[in-house]
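Shown below, as structure tokens, is a lone chain in the form predicted alone; questions about how it binds or moves come after it.
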Amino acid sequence: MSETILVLNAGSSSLKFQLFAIEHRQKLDRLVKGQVEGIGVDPHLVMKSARGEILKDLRWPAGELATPHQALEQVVQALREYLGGALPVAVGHRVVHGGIHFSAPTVIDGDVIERLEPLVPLAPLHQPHNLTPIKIIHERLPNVVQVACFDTAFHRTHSTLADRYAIPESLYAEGVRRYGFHGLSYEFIAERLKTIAPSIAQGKIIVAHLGSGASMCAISNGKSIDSTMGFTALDGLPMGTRPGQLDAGVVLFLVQQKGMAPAQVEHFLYHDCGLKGLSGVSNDVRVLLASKEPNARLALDYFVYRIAAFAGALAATMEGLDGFVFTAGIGENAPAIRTAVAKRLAWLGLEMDEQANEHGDPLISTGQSRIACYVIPTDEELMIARHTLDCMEASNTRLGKEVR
């Protein structure tokens, strides 16, 4: 079997993984995809082939798979069985925050891990969990190359005006700036547009990455110009449990008038706001769409309103707009949300083809629409695998030999 690259995306109670075969330079073939869910609660590992065939389906009592370390061991064991005892030659990791030091995928060593640790408070939902498997593999399998791929890296092409807050220079120098996130997704879409829509791929595009975490990005000539997220992943669009754009005075109010400690404010902003807070029903758009509760409708209307408002702002940063792309869980699977957004963007010249939208076709705008509108599934894992292979080649790691 060909040598392989493993891609890991670690969360608080889940570990997603995909395995890619290196067929030859710059050619990757997806072999396996899977995840361990419910770590410490109801552990469940499912591993499927690229065609969707179930290769493993295992469950454990909570106490038997209570930590990310144990979950990673089960993933490695399952992959070793699949590979006949072999190990991947490299592991690519999604790392949400790269801070000011990391603007491109980076081969991981002890120094890199130390420099990523201080960024944990800036992405508490993701960063500590991203780092856990990195540390485990670094300690136990030091000969396996690891590559960190950053969600912030794609946005490092922002201008100074897009990058700055109106705060003193000293804070900017310390790293208080607008980073933007979901960069691996945006990078994939920018590349995919070259095949799906070459006529606008080098134009002015807004991509809406709409999932439990949601953001939007202005992309011109394949480069990120601006994004709705900023210093942390709390900014911009309302999300499943995060508020999005929020007056900083609200945080002061919570501390000074409500007596909340910093840790309480952090938990509140990351876990109790967004669609969940507005609706009082759920953070899941599917549940909200099916609900008859008035506040469920309010939450969805607010979500659509903010998407449209930010679309206008992002179009202004590019001084025009040629295309709009929906991606990620909600963007790819909720035609009702796409329709509602399109109606609010009619003033920009967007005209939706409702039949194509309901079918989930790639192109969902009419032939008369001044703005081309697409639904394009994202593939962050493939992007990570590509970057990992590139880093191996750039660092002169020789495929076909043990990595030392």
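For clarity, every value in this text was computed on a predicted model and none was experimentally measured. Throughout, we count residues from 1 along the sequence that is shown.
In what follows, reference is made to the form predicted together with a small molecule, a form of this protein that is not presented.
Checked against the small molecule in the predicted bound form, the candidates 211, 124, 99, 244 yield a single residue with a heavy atom inside 4.5 Å, and that residue is 211.
Between the small molecule and the residues 334, 134, 296, 234, the one pair within 4.5 Å by heavy atoms in the predicted bound form involves 334. Using a 4.5 angstroms limit between non-hydrogen atoms, residue 289 touches the small molecule in the predicted bound form. Though the partner is left out of this view, residue 329 does reach within 4.5 Å of the small molecule in the predicted bound form, counting heavy atoms only. The shortest heavy atom separation between residue 283 and the small molecule in the predicted bound form is within 4.5 Å. Although the partner is absent here, residue 386 is not a contact residue: none of its heavy atoms lies within 4.5 angstroms of the small molecule in the predicted bound form. The chain is drawn here without the small molecule; in the predicted bound form, the stretch among 264-272, 173-181, 67-75, 321-329 whose residues come within 4.5 Å of it by any heavy atom is 321-329.
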